[in-house]
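The chain that follows stands alone, in the form predicted alone, written as structure tokens.
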Amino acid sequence: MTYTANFRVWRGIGGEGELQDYTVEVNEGEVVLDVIHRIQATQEPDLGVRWNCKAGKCGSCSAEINGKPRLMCMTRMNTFEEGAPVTVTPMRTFPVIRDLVTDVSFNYEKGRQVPAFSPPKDLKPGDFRMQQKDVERSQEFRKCIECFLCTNTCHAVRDHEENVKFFAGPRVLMRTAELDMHPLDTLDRRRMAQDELGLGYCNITKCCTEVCPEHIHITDNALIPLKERVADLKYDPLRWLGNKIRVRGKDD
């Protein structure tokens, strides 16, 4: 079954551009990325779009479809009413390079600030052991395909551009939480999460979880536990008293 669809696609370079209207054929079983490719092949050969696997595993084709952050390759055309316009725009939070391609290097820059996994120095080959429950806890976070839809939809930076320099975003904070929960990691990243990566800017609205194509419970299983760990470190009155006693003992 073939029908004609009306697409509105953002065209432009940098911050300058506008929506362009296209009429294009759609075949049964196709996704939005298929239609974008058809527009590129038949009408606009210079249409800029980033993609790779077309299987929902590379995270490259992130965009906003009818205002909602999604992967174009995982958004089926049969989810839209036939004849209704489909609007495709680049991710709003990141700078536009060209058309639907955005500059997501911010995420990698923030990610490089997080120290890598650091096991005990005296750990010998064969001694690397973990409980299954610890393995399962981090496996969920490992499903991340770095599409950065979570950071794109987070209103802490989406609606407040001035926060970009202070807030690393859900993806980087999830990675920090994963390392902090690892039983064999020796570094304490909690103060970094709060003071350098902007964990306090997250107010757990769960918008990042809602758009995650891998269905990772980013808020409940990563960000909230990390907040609790930071609260234990910075605001636990018993810990504060213990630190005061230890400091006084050193002076004596």
Partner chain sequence: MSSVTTPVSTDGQPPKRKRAEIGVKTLRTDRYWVQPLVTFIALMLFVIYSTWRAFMNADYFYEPLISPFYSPCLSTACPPGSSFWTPLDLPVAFSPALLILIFPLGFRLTCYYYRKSYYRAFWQSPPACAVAEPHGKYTGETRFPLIFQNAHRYFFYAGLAFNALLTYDAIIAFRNHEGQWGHASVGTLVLILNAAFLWFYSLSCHSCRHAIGGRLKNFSKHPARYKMWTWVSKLNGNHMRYAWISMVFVAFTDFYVYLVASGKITNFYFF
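Positions refer to the first chain, counted from 1. These numbers were taken from a predicted model, which means no experiment stands behind them.
Beyond the structure shown, there is the form predicted together with its partner chain, which is absent from this document and is the topic of what follows.
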| query | finding |
| --- | --- |
| 4.5 Å heavy atom contact, Y201 and its partner chain in the predicted bound form | yes |
| Its partner chain contact at C73 in the predicted bound form, heavy atom, 4.5 Å | no |
| Non-hydrogen atom contact N221 with its partner chain in the predicted bound form at 4.5 angstroms | yes |
| Close approach of E109 to its partner chain in the predicted bound form, 4.5 Å, heavy atom | no |
| Site check G12, T153 and D180: each within 4.5 Å of its partner chain in the predicted bound form by heavy atom | yes |
| Among the candidates E214, E196, D34, E210, the residue which, in the predicted bound form, approaches its partner chain to within 4.5 Å (heavy atoms) | E210 |
| Interface residue in the predicted bound form among M77, I145, V114, I97, criterion: non-hydrogen atom within 4.5 angstroms of its partner chain | I97 |
| Within 4.5 Å of its partner chain in the predicted bound form: residues from 112-135 (heavy atom criterion) | Q131, K133, D134 |
